[in-house]
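One chain follows as structure tokens, the form predicted on its own.
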């Protein structure tokens, strides 16, 4: 078996992984990125709308600053965010956006003079200042006090990923694509890299590294209806849970995006609503102002998704062979705007839905989109449980999103966290002498070889990996969706436990050596079930509603009892995850309060017990 040594191993080559790799390579460290797909096909490329940063160049963003961005982020998280991390993020984002411009990202720019914009379907006039002409502009996104989402039409992820990938190539970062990490190499204290499997040949390779990063994105594929690509199966999170000592943070915090298209579940950007698009029901009536008269379609994503679902539950959805949906209307934005600033939306609608959004309505409904939960790290990106292991991006619970993230904050997080955590990786490498444990390497290799052998021989049973995965996805949609309750969650947990037992008896039904998608899935399914159980069980035990976690039987946000973060461990020999809890943030720069949506049902915390930073008076 081939053994490869490097200073830094980045598992994942999307924006977060490549940005950390660039930081390490810039400091002179040898760096390798592993990727299931060629790096430019990473799921980061699918992000459309933009990246939040308080540049304040647009006239609609005047007065914006990192304090306003910080407050929007904390309120959006429903006070579940680590406020130290949210502050680091808000302060660093403007620096990183300008850095990306320097690297070549073709941001949309301010055009001086009068122009029009739409809000709630109505046309308004604005005038951009001459002195701001040519600077990075911004668009509106949900849950923000100012326009601050920097964008490149509606292909922001694509443009930024190509630019960052070029920079990584320039810095000499090595890319090993079509490679899947299967198990971490560790001794219970230190992480030494990972054993990976070549998806072309099926052969194993051991990557030995002084520092290892997990940046594999989200795990939306534990749900049936998701905007996530097929590669977003939680592989990085699963190999961490497999250690038994690394926790998932807030796994119950799952975001549904309001505008997944029907029936494809392909996302159309929040930029549609940010640019003035509206949501209509079966009668083509605009309903959001009835629920949220202030923010309307630009309330936070969790709020809009709940309101859409409530409206469809009243019988006001559009019937279709694929279930009820609502309409997204962007016709009034005009052909020029749609074919320039929303050109990917135009292509998606015409090519996948058979709808021309210039003249027709877009069928949409809330669809699983983002995992606020992830591998728990501290503010430096260091993973709980193993020294030398870091995580960044959607794979991590860093934790600036808490229980709901704002649109545009996650794409920005990939590069902001990539820069911040990359610097911490460099500090670790400069300040730590790493001695590799050969017994740990042998142990990891033996474990994954045994798993593969058992799948090939089927000595434990005859279960089909695809059947088990499909059943899991149905359970998650039915029992762990937008609205949750004790009965459904208990049923979901019980059914997932049955599937987890069946997964111990998976057998390959193909005999292909080398490139074998069935083997790839069979190795992934047990880990996906662990993630599903962490999500469902964490949701069952959290008896409150906070952000995207909505309990019908516990509608209050309970700061008295639940102002905390879930830590879910998958310990060996235990069927259910072990749940522990920690304070969501060491300091409260912004004390808990009302988010501003609907009725305030908060059960307040004892403020005297919170570490609240008192700002100096002017």
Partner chain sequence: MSRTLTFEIFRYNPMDPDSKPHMQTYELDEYDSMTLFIALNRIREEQDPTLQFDFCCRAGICGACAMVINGRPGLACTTQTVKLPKKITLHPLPVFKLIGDLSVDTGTWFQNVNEKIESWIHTQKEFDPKAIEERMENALANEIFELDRCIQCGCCIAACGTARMREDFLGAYSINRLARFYIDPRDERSDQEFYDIIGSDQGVFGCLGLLGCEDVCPKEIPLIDQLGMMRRKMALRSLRQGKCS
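Positions refer to the first chain, counted from 1. Just so we're on the same page, rigid core means the largest C-alpha set that superposes within 1.5 Å between forms. Just so we're clear, the structure is a prediction, and the values are computed from it rather than from any experiment.
Another form, the form predicted together with the partner chain, is not on view; read the next lines as being about it.
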Exercise. Looking at the partner chain in the predicted bound form, is some heavy atom of each of 183, 190 and 490 within 4.5 Å of it?
Worked result: no
For this session: With heavy atoms only and a cut-off of 4.5 Å, decide whether residue 458 touches the partner chain in the predicted bound form.
Result: no
Exercise. Do residue 124 and the partner chain share at least one heavy atom pair within 4.5 Å in the predicted bound form?
Worked result: no
Exercise. How about residue 175: is it within 4.5 Å of the partner chain in the predicted bound form, going by heavy atoms?
Worked result: yes
Exercise. Hey, in the predicted bound form, is residue 423 touching the partner chain, heavy atoms inside 4.5 Å?
Worked result: no
Exercise. Considering 114, 200, 314, 504, which brings a non-hydrogen atom within 4.5 Å of the partner chain in the predicted bound form?
Worked result: 200
Seminar exercise, completed: Assert contact residue (the partner chain, in the predicted bound form, non-hydrogen atom within 4.5 Å, options 334, 289, 263, 244) equals 263
Problem set entry | Stretch in contact in the predicted bound form with the partner chain, which is absent here, among 546-554, 560-568, 35-43, 66-74 (heavy atoms within 4.5 Å) | 35-43
Exercise. Mind listing which residues of 307-330 have a heavy atom within 4.5 Å of the partner chain in the predicted bound form?
Worked result: 321, 322
For this session: Could you tell me whether the Cα atom of residue 364 shifts by at least 2 Å between this form and the one not shown after core superposition?
Result: yes
For this session: Align on the rigid core first; then say whether the Cα of residue 188 has moved by at least 2 Å between this form and the one not shown.
Result: no
Exercise. Did residue 364 and residue 144 drift closer or farther in the predicted bound form, going by a CA distance change of 3 angstroms or more?
Worked result: farther
For this session: Look at the CA atoms of residue 318 and residue 472: state whether they lie closer or farther apart in the predicted bound form than in this form, given a difference of 3 Å or more.
Result: closer
